[in-house]
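There is one chain below, alone, in structure tokens, taken in the form predicted on its own.
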């Protein structure tokens, strides 16, 4: 009997100890390291690691370092769910940055919501993400705010545009949300949407969609998809004879599409939530460090992941000043971190950020860039005024 009681007591003590926050402070990163979505997730891994290095080099959280724990969320819902579950239950993270896709967020974020673990979406721009729950926020501006800028810029570059073809990935929640915004904007600008073509993010042959676009005599094509499928679609549009302007959605907003569509990427217009020229001190440091390591300007997906890690660290720093993080029990710290994230104001590479009561980002500056290719594999995003 005494042995049974002792065993129970030891179990209780072990459970209590496991609930205490340990240093270094664990922050979960659940983004795409594999699958075709990895073309976006690779940039997020880089941005998150750069933030971790910068924060820890400057004392971490008032002397306590942070530690990023990575789980591959790949490009599907089930993998994202598993990544979230592992970070919450096995790794005991205080919060999660991820996943890469909005489609995944709608599946995985409710896991964190039920566990009362704060989530910062680094690239989830579909309508309704912050409304998933009280513990869900995002540093990625919603597509309804960003995407219309690309169409307005296309019209400025070519005022004669009248006929628009819209092509989108029907199996991706973000692309479905984005194409809705694109179509609404086009109609509001007095343009005729002459054809709407669907495809899958796993497709590689877009002959049917391109042929329909050419037959419709479109003089502007708008593509909402991911980097691999979107890049191949752009390539095939040009190879089969389309000459007009192309607007790409946020899924094409990565230099990793350059080897996909090669010289045919040239001229694609993409709205941006980030610019390397953003004047904040935080961005100047980020750009300097990124250029030193990668010999090119940082992309939006890296900047947003960096900003998400920074926001969590800044919020933890405020909490730590009131009560040392290692004296908190994990569930209580997660709740407090969520409150502080929503209450704070943050100077990040994206500029000054705040959140509304739902966890929606409040961001002031947005941009539009056009791809300029140097050769078949190398290019850059040229920001337009």
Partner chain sequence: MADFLAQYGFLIVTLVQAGLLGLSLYFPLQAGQLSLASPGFYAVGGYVAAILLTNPAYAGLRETLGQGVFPLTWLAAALLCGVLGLVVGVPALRLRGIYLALATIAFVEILRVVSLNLEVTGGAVGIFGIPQAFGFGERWQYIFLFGPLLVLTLLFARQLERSRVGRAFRAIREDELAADAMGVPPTRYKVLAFVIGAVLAGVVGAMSAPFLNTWNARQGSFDASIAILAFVLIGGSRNIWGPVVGGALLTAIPELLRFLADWRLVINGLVLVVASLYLPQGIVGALERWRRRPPPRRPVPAPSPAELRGGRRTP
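As the structure is a prediction and not an experimental result, all values here were calculated from the model. By rigid core we mean the largest C-alpha set that fits within 1.5 Å across both forms. Residue numbers count along the first chain shown, from 1.
One more form of this protein, predicted together with its partner chain, exists but is not displayed; see below.
Discussion item. Test of understanding: in the predicted bound form, would residue 172 fall inside 4.5 Å of its partner chain by heavy atoms?
Written reply: Answer yes; at least one heavy atom of residue 172 falls within 4.5 Å of its partner chain in the predicted bound form.
Practice prompt. Give a yes or no for residue 101: in the predicted bound form, does one of its heavy atoms lie within 4.5 Å of a heavy atom belonging to its partner chain?
Written response: Contact check for residue 101: yes, within 4.5 Å of its partner chain in the predicted bound form.
Fill in: in the predicted bound form, residue 71 touching its partner chain (heavy atom, 4.5 Å)
Answer yes; at least one heavy atom of residue 71 falls within 4.5 Å of its partner chain in the predicted bound form.
Worksheet item: Does the 4.5 Å heavy atom contact test between residue 62 and its partner chain in the predicted bound form come out positive?
Response: Residue-level check for residue 62: no, no contact with its partner chain.
Worksheet item: Does the trio 56, 116 and 351 actually contact its partner chain in the predicted bound form, every residue with a heavy atom within 4.5 Å?
Response: Per the other structure, none of 56, 116 and 351 touch its partner chain.
Practice prompt. Only one of 82, 278, 183, 153 comes within 4.5 Å of its partner chain in the predicted bound form by heavy atoms, so just point that one out.
Written response: Partner contact (heavy atom, 4.5 Å) among the options: 82.
Worksheet item: Which one, 176, 166, 282, 191, lies within 4.5 Å of its partner chain in the predicted bound form by heavy atoms?
Response: The option sitting close enough to the partner is 176.
Worksheet item: Heavy atoms within 4.5 Å of its partner chain in the predicted bound form: which of the stretches 266-274, 145-153, 84-92, 116-124 has them?
Response: It is the stretch 84-92.
Discussion item. Only counting heavy atoms and a 4.5 Å limit, does any residue of 196-223 reach its partner chain in the predicted bound form, and if so which ones?
Written reply: The stretch 196-223, when checked against its partner chain in the predicted bound form, contributes 198, 200 at the 4.5 Å heavy-atom cut-off.
Worksheet item: Cα of residue 199 displaced 2 Å or more between this form and the one not shown, core superposed?
Response: Comparing forms between this form and the one not shown, the residue 199 CA shifts at least 2 Å.
Discussion item. For a quick test of reading the superposition: does residue 226 move by 2 Å or more at the CA between this form and the one not shown, rigid core aligned?
Written reply: Result for residue 226: yes, a 2 Å-plus shift.
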